[in-house]
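First comes one chain, alone, set out as structure tokens in the form predicted alone.
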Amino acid sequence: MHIIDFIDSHTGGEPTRVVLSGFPDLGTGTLAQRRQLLREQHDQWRQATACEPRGSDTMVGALLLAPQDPNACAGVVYFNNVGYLGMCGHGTMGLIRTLQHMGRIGPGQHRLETPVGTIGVELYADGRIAIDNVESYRHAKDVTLEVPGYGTVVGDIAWGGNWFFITNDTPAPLVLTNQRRLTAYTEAIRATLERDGIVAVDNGIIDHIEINVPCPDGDADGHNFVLCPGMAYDRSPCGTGTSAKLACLAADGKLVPGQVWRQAGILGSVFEAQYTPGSRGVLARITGTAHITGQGQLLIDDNDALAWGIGAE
């Protein structure tokens, strides 16, 4: 029987499962190297943790690792039901809240190592968590797609720690009751990007699709719906997606440094965001809250035909 110790949280409705122990030893290389080792040699552990019957399409896992930088509070590799993420905004908030719950950190400024770089985080005394994300930038503006069943869709391609196609075009209002229609639409956009061979820098796969429109009730500046790589929609306002959106707004001269942008997600939960200029884009600071929802152990019985997750090879 294999045992995985975990703590669960949610950030604006989106779950994070922090893996504390039980995974194979990944050595002491960089976070990118350790992520690659996990992907190539031990991927069944990701599947067992994030996929059904223990996980779900919405679950994001955060493997807690020792950092190389002695000034960092932790290292982390993010994953979900279909693979690995470079960075995860809501997952970082969940991880920081988990470290606080464990007594490993207190309010103040901290550093966190991720596979795409070291980021700064600040835990406030009132429980809010701010993330100083990796530099975000727009790669391409007004990319035009002909999406089967929907016609012409125009959007920007931007990096916020993951690659996004961000569009203002939507087939329906961004309300939860329309989530099936919005999911089908954003899936069609992603399929069109793949069909047309549209990729980002270094052939990066554009695996997040974001609809971002003005917030109709005025409670926030923007309202979004984000399709994640596992084809589930993000319940939170999406930290990396908000960072990518800030990069586009800044590039268009619609948001100045230090100006607060309030980004609402499909559930109405809100991240506050602002930026300082970077060398090629923006350095976004995203602030939100996360809450602990559970902790325990996952048990993997080798005699179970589905021990390593539904859909595992």
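All of these numbers come straight from a predicted model, not from anything done at the bench. Numbering starts at 1 and follows the sequence shown.
Note that the form predicted in complex with a small molecule isn't included here; everything after this is about it.
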Work out which of the listed stretches, 230 to 238, 186 to 194, 107 to 115, 136 to 144, brings a heavy atom within 4.5 angstroms of the small molecule in the predicted complex. 230 to 238
Hey, in the predicted complex, does residue 94 get a heavy atom within 4.5 angstroms of the small molecule? no
Please tell me whether any heavy atom belonging to residue 162 falls inside 4.5 Å of a heavy atom of the small molecule, as the geometry stands in the predicted complex. yes
Classify residue 88 as contacting or not contacting the small molecule in the predicted complex by the rule of any non-hydrogen atom within 4.5 angstroms, answering yes or no. yes
I'd like to know whether residue 208 contacts the small molecule in the predicted complex, with contact meaning heavy atoms within 4.5 angstroms. yes
